[in-house]
Each structure stands twice: as C-alpha cells, then as structure tokens.
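First comes one chain, alone, set out as structure tokens in the form predicted alone.
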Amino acid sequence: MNNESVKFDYCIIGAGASGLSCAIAAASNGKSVIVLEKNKKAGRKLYATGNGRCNLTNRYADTACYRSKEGGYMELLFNLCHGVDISEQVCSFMNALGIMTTEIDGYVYPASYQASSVVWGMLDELKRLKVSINCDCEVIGIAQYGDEYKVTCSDKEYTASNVVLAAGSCAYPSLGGSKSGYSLAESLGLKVSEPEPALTALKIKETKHFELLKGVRAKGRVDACDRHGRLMASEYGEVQFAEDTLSGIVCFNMASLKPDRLRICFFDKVPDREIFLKHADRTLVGVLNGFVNDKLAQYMVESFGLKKSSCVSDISIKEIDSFVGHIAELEFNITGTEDFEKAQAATGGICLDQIDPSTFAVKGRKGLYACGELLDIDGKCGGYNLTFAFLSGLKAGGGYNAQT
C-alpha cells in the first residue's frame, strides 16, 4: 500500500445517485471532495434505472410512499420537504445541471428519456467543481482519530474531516450492489437492520392450475394481508403472472411488507348471479371472458373445482352464488420474494434513529454522514427511491449552491 495520505474535507464512499449528489453539494460549498467507488465506473446502477430511461422522481411523492423496517422515517422525510414539493426539488436540481425533465402521468424523466443524460450531467458538474472520483477502489476500512477519519483502500489511504456513507444497498449485485456499505457502517458501531429484497416479485404457494396464468397480465385491486387475514396495504394496478410468482408494480410495492397472502379482485364490478343466469346456455369461462382474460377466466373456474367446459346451467343457484364469492377475490398464499438479484431495492439498512434528519449526520459522531439506499428506508416503484437518494445526498453534502 502507498502510505501517503491525501487529505480532503469530504470523503464520499459510493458514486451512485446519493453519493454523486452529495459530492456536488459539498463541492459547491467550497469543500475539497474525493469520491471512492468500488465499481469500474460511476453511476453504474443509475444507468440502468427505469429500464435505462431513469425515472427521476414522481409528482405524487410524499411520506406515504416510503417504508422502513425499524421505523422513524417520517421526521427524516419531512425535513427533506422544507415546505417545497419533494419532486420539485429534484427537478430544480436536475435543471441546474442542465438536465431538462418531462412528465408522464406524474412520472418524471429526463427530457432525453436516457439515464446516461443524468449520469453525464452529474459527472460534468463534478468535473467543473474539480471533484475527483476514484473508481475500482473499494474501501476496506474506516477509522476515526480525533476530528479526522482515515479511509483505507487497497492501495491508498485518505484522510478526511467528513466521511459520507453512500455505498448503496445489496440489490442488483450484477450492477454492483453488495453488503460492503453495511459492513463499513457496522465497523463504525452503527446499528444495521438486516437488508431484505424489496420491489421484487412475490413467490406463491399455489401450484394447482396456476400454470394456466403464466404470461397473463391483468389489472385489479390487490390487498396485502398478514397471516391473520388483516389488511396491510391495498393498491390498484397491473398484476403479472409468471411460473411461480406474482409481479408487476403493484406486487413489487407489497414485497417489503412481507405479506402472507394477497387477495385480488380483477373486476371493476363483480358479475352477479343475474348476469350468469341471463347467459345460462354459455360456459362459465365464456361469460367471464366478457370481463377478464380468458386464461384468468379458466383459472377462476378450475380453481373453484369445475371443468373448463362447465356451463352455467350445469350448476345450481347455490353454487353460482358460491362461485361469485370465489371470483370476487382470488386469494394467493405468499411464501417469500425473489432474491436480491431480481430486486430493484432493499429494505433494511442503517437504522434511522441514529441519523439527524436535518443534516443526515450520524448522531454523536462528528463528521460522519449516511444517505441514500444504505439507510433503512425504501420507496414504492415510480421514482421514489431515486428522489430520496438525490435529496438525502444533497442534504448530507450541505445543500447545493448552484451559483458556485
């Protein structure tokens, strides 16, 4: 190792959305900044965000769009607002970097619809502010000596008055996600809630007849319930059926809740007894196909214990009423989620009761900060996690001075 120590005001660990934002903010306030990134290039996950289109934020962003395993996130989020719309803060930051934005139904993207525009804009600003980014540089240790921190990499040691933990979560290991940031936090004595996959597909227990649904996409109201049947959350959206999972944004949003079952209604108005009796000469699948996908209709019939060819006239009035109750809310038992490789985010991380919500500094540890995905907070699909990453990074860096 080269024992020569280079001193900076800020040493930021991680060159993702929060780390780059933090570096821009700190440097815009006249601080000397170094960013250390273990991957071979900065913004690796950011390039892939939103299928490469980079869903920056959402006009509907508010505290209700976020969750935490251990709790304590409300004050932290309120302090990001300062009476200004959360999404507007992100757009203003992007615009100051020369990145124009556009909106589709509340979802905000760069005007180019290219994530690369965001990465390049941030990197160009860092270049203008004379910030160095050392890639392929994994931090293996951090130690505090008085008012300074020694940050050790495999080939060099850095000294800094302030260290910012912005290493991201362990989601998407193929894009560089790892548990290294959690390990660094724990080495500094911070409490870390065990990370788990979030924004990912839910695995189901049902096997009988479920193969009928493979490839089907259908919109409906999805209720997440605990093992006692109590409602945890409810949302309307598209459900996608795979071989043994339920996915789609509405299901992804349920993953961090770890529900025991989902109850799904695929009808705007459930067909009642009279509708079936009016078409008594038709098959049940045929009647239902006027409301839902034919494969979904077949699943409803066969999971009830009837044959695909069963006609309305083949069953009694009592059975019709029971069938109506069955199709009104299909129930699926959940056994878990997909792993981190297929998760867009992680729940868990540095416990928020250790973080000062006004500065994102670690309480009682002068010069130590944490931001972004490494914290125990995760948002729904739709730009909410990037919103938090950008704004928490800016806050940890002291706020962006665009006039610098």
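Just so we're clear, the structure is a prediction, and the values are computed from it rather than from any experiment. We number the residues from 1 along the sequence you see.
Beyond what is shown, the protein has a form predicted in complex with a small molecule; the following relates to that form.
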TODO: Could you tell me which of 238-246, 319-327, 131-139, 218-226 sits within 4.5 Å of the small molecule in the predicted bound form, going by non-hydrogen atoms?
DONE: 131-139
TODO: Quick one: from A160, L213, L184, M122, grab the residue that has a heavy atom within 4.5 Å of the small molecule in the predicted bound form.
DONE: L184
Task: Residue (of K31, R365, K45, K69) lying close to the small molecule in the predicted bound form, criterion heavy atoms within 4.5 Å - done: K45
- [ ] Give a yes or no for V164: in the predicted bound form, does one of its heavy atoms lie within 4.5 Å of a heavy atom belonging to the small molecule?
- [x] no
Open item on the list: I'd like to know if A15 sits close to the small molecule in the predicted bound form, meaning any non-hydrogen atom pair within 4.5 angstroms.
Closed with: yes
Task: Partner contact for G176 in the predicted bound form: the small molecule, 4.5 angstroms, heavy atom - done: yes
- [ ] Please check if A343 has a heavy atom lying within 4.5 Å of any heavy atom of the small molecule in the predicted bound form.
- [x] yes
